[in-house]
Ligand code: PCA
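The chain below stands alone, shown as structure tokens; this is the form predicted alone.
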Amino acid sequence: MLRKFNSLVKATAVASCLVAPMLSSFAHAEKWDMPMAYSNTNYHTQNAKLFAEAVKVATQGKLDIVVHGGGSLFGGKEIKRAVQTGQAQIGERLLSAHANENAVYGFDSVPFLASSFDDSVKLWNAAKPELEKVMSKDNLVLLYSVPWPGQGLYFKKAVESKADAKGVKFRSYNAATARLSELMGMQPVQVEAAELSQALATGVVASMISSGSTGYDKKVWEELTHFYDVNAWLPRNYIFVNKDAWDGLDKSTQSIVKGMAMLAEQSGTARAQQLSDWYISQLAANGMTVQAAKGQLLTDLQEIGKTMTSEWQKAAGDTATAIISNFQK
């Protein structure tokens, strides 16, 4: 799918050159800055760069989106606010990190509610209408979303139950991971992706829950030894636009951006699925002990999942009920 998206970008560029002079279009280009928290080598960032290129060629240069990866323009925790306030016109963020603002943002991080790619897509489709309402109130227009592979637990030692994890410093990246840490008896420490390598190297944290993608990108085998494949949830990154900037586009440009966003979502999702097992194989290839969670550890996690699901439903109220109802249909 990523290859098809890339081919479409090239084909669109050729067609655009035949239809109208590109140079005259570029003279009137509107430039949007797009901050992203993850490195330029990460598939989310690569996918967003293809999206930006597709928009540029399809609009004949009318809209030029410049991607700033690795938290180089704004740090991860700053991106949503930057786009809301117009400091950046478009951005990408793990919205579950903002569940403290509105519990609906945490729908994709409810343990074991959706623990496969198919279920993640179903949950996303069920939640999208509700999420769009919440984001609109935050002066944001939602464009597309791409999942991470399933979340697994990383440790610096063998862990067979939550008792074995007691007191361990745990990297959290949203309210759900912090709560999981607390229920496991660990000590949550908020660490953004760009700061993770240093936090591990300096002992600020010694464990985390994340996908194989993050483990591979950050070479966590240099500090950690064990990965437990849990598929607790598949968090998603979201690309969104400042509403005022969006309203400033003409209808034709909006339609093009929406079309390219749809392709980017399909491409990014396919890439996540393609890479999921490969990332885990690379953890093992670099010396980590990789295994599925089982026995008492799995039992403990499932009980924690029930607790967190109940807590999220209570916090998100009728909206949570609507999302879960639509998801289970």
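Numbers for residues come from their place in the sequence shown, where the first is 1. No experiment lies behind these values; they were computed from the predicted model shown.
Just so you know, the form predicted together with the ligand exists too; it's not on screen, but the next bit is about it.
Taking the partner from the other structure, the ligand in the predicted complex has no heavy atom within 4.5 Å of any heavy atom of W32.
Using a 4.5 Å cutoff between non-hydrogen atoms, P235 counts as a contact of the ligand in the predicted complex. By the criterion of a heavy atom within 4.5 Å, W148 is counted among the residues contacting the ligand in the predicted complex. Contact annotation for A193: at least one heavy atom lies within 4.5 Å of the ligand in the predicted complex. This chain is displayed without the ligand, yet in the predicted complex the stretch 167-175 from 167-175, 114-122, 219-227, 249-257 comes within 4.5 Å of it by heavy atoms. For the residues L143, A88, A199, L94, the 4.5 Å heavy atom test against the ligand in the predicted complex is passed only by L94. Screening S210, N231, S207, N242 for any heavy atom within 4.5 Å of the ligand in the predicted complex leaves a single hit, S210.
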